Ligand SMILES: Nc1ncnc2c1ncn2[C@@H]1O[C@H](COP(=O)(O)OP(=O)(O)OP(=O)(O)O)[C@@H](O)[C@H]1O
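Just one chain is shown here, as structure tokens, and it is the form predicted alone.
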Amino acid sequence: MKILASYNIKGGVGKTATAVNLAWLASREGYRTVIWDLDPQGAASFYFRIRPKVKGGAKGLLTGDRPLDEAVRATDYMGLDLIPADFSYRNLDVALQDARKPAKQLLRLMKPLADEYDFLILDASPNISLVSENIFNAADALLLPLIPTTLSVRTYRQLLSFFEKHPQKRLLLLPFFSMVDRRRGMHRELMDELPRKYPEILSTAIPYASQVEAMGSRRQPVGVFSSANHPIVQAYRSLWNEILNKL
């Protein structure tokens, strides 16, 4: 099982849309896929029409009173399951501090899923915390949506600085441009400049699109209610193929 985390220090960059749409694409291609909504706001759970509630909450998962595989819920899409968010995840850092090997607890919880799924996709909350360190230890790759703006680039540099001080031996960083508006000069300038400085940036860029905003009212991945030829659908498919090639 490959573990991919859609992550960014900064919020509002398309992190949840990335997790939801790539999970849907993976399942469409026949991969057994589960998405874990680790953000207490529960946006991914909302998109999949699943109540953001886990019996026993974060504490129940960490103590083993509620095994992670018992929290799995089926979505409306074949081959795609979801572990819903829970508002108690807001205190997950505190609960992890009391555990033995606190930075590796989430990986321990995920292990029973390894034989059931090909991909586990994490939708992480936007911060650097003990939960984030657990994600870094568990994931094979971080999917990093990067809006081509000054503040978004600044947070990417902060993340790189963190990894310089806390190196991860096997974690693959996969940044890509998100919410791109090519009418904006700054977007065009940074998209031209940054790949030369950060060659790890993927070639696929996700455009700003009203269809992504419509996910909130439709409560569906964009590929469900948009034409297969629509640019946003093609962009997510291109991103998914590029990620598979990197893996």
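Keep in mind it's a predicted model, so treat the numbers as computed, not measured. One-based numbering along the sequence shown.
Beyond the structure shown, there is the form predicted together with the named molecule, which is absent from this document and is the topic of what follows.
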query: Option from 66 to 74, 39 to 47, 186 to 194, 25 to 33 whose residues, in the model of the complex, bring a heavy atom within 4.5 Å of the named molecule; finding: 39 to 47
query: The named molecule contact in the model of the complex: P207, any heavy atom under 4.5 Å; finding: yes
query: is_contact(G14, the named molecule) in the model of the complex, heavy atom dist at most 4.5 Å; finding: yes
query: Partner proximity in the model of the complex: E200 to the named molecule, non-hydrogen atom cutoff 4.5 Å; finding: no
query: In the model of the complex, P112 touching the named molecule (heavy atom, 4.5 Å); finding: no
query: Within 4.5 Å of the named molecule in the model of the complex: residues from 156 to 187 (heavy atom criterion); finding: M179
